[in-house]
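A single chain comes next, written as structure tokens; it is the form predicted on its own.
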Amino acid sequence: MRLVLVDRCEEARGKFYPLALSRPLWELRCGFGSLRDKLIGKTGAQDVAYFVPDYMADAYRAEVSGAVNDFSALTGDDLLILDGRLKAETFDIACSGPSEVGVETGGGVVYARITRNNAAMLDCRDIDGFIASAKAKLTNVPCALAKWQYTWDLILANPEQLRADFAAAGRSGIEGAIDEPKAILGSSKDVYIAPGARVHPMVVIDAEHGPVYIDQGAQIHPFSRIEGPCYIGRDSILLGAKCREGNSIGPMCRVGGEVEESIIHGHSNKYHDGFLGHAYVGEWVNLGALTTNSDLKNDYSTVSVVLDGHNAIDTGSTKVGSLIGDHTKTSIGTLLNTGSYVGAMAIIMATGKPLPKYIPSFSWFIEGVVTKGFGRKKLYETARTAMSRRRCKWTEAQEAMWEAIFEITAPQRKEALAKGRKEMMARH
């Protein structure tokens, strides 16, 4: 059986911006790893193919071993085609059996199980046509499988996902190094320190309310406190951090200050003091010293988030912090509002007060207004430098993807730039 993950619906993808601008939805993290990891683990698939937006296909092809946007992957084997937003823990469909197409209310295809023989009879010129052909020709069954709807769903679900992933991993104990004096609160069965990880002296690991998993190569420096449930990714470093409950920190991050119920995707720096709460931070982000977000309104009402520059969406939660896209940088003292959207490839300068709740991608936010700054080529130079510091390479495929993202995000940015010019003219 070949698992085929599909992420082609622009409307659905927009609900996960700015994080999904530069990756398929299943590469978003929740718990220990990505949504892709969970779907593969649930289905037991050994062979996986992917269909993603065309603009990111070349860049994504360099990151995975499976076929990407390759129509030949739709032939030669039984297929299980899944919407990339599916929640793995609720997926209870048999991976093999007669062909059938799961259709939700409204007509959308959630999954398609297709035998090799039936696949040969379908239109395979493109993935959308293939799925439409399957829906038209094969047995349709009603389907109400749960799907992730917005980025903040991942943030809010993260504590329980961490608990579930720790149980599924089935590991506990100290295989790495932990220096004396040490302090572990709660049961040692709820703590795992992987080989190559090191916990320095004067660190508190509090597993009384959830498990703590410290992955290979991670370093926990003195005077850090880690409260479970929590995952610290490979080769990440905590520097005297107050790592509150519910955090998922990806690989090669540098984290200090206070962090609570947040997801840091990977290769990002929050080195200094400042509060990050109920946030999702992308890759290659640098949060300057004392950068802080609010995650709770003064009147305790539910938080709204603007994803398109205009329309506020009620999250239904009183706790939502910031959504911060890849390669964004903030200055010292930046104050992010409750439910902030900070686009990818943005440069943010502090104003001394909370920033607007929506800042477009590729913006240079200077003196309180959105400007062009020094342009996107300068942003690419910075990205190349930042990645080289982690021995990663900025490639032509990545630059081509970001050029496409620049065009995708142009309407919101142009509107903000026009507003910024008017504000600057009014000041002078």
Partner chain sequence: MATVEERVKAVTAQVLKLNVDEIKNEDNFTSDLGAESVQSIELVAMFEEEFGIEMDEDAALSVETVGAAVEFIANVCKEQGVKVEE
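The shown structure was predicted, so the numbers you read here are calculated from the model rather than taken from an experiment. Positions refer to the first chain, counted from 1.
Omitted here: the form predicted in complex with the partner chain. The next part is about that form.
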Using heavy atoms and a 4.5 Å limit, would one call Met349 a contact residue for the partner chain in the predicted complex?
yes
Exercise: Arg391 in contact with the partner chain in the predicted complex, heavy atom 4.5 Å:
no
Using 4.5 Å between non-hydrogen atoms, is Asp70 touching the partner chain in the predicted complex?
no
Taking any heavy atom pair closer than or equal to 4.5 Å as contact, tell me whether Thr43 reaches the partner chain in the predicted complex.
no
Go through 376 to 384, 23 to 31, 59 to 67, 46 to 54 and give me the stretch that gets within 4.5 Å of the partner chain in the predicted complex, heavy atoms only.
376 to 384
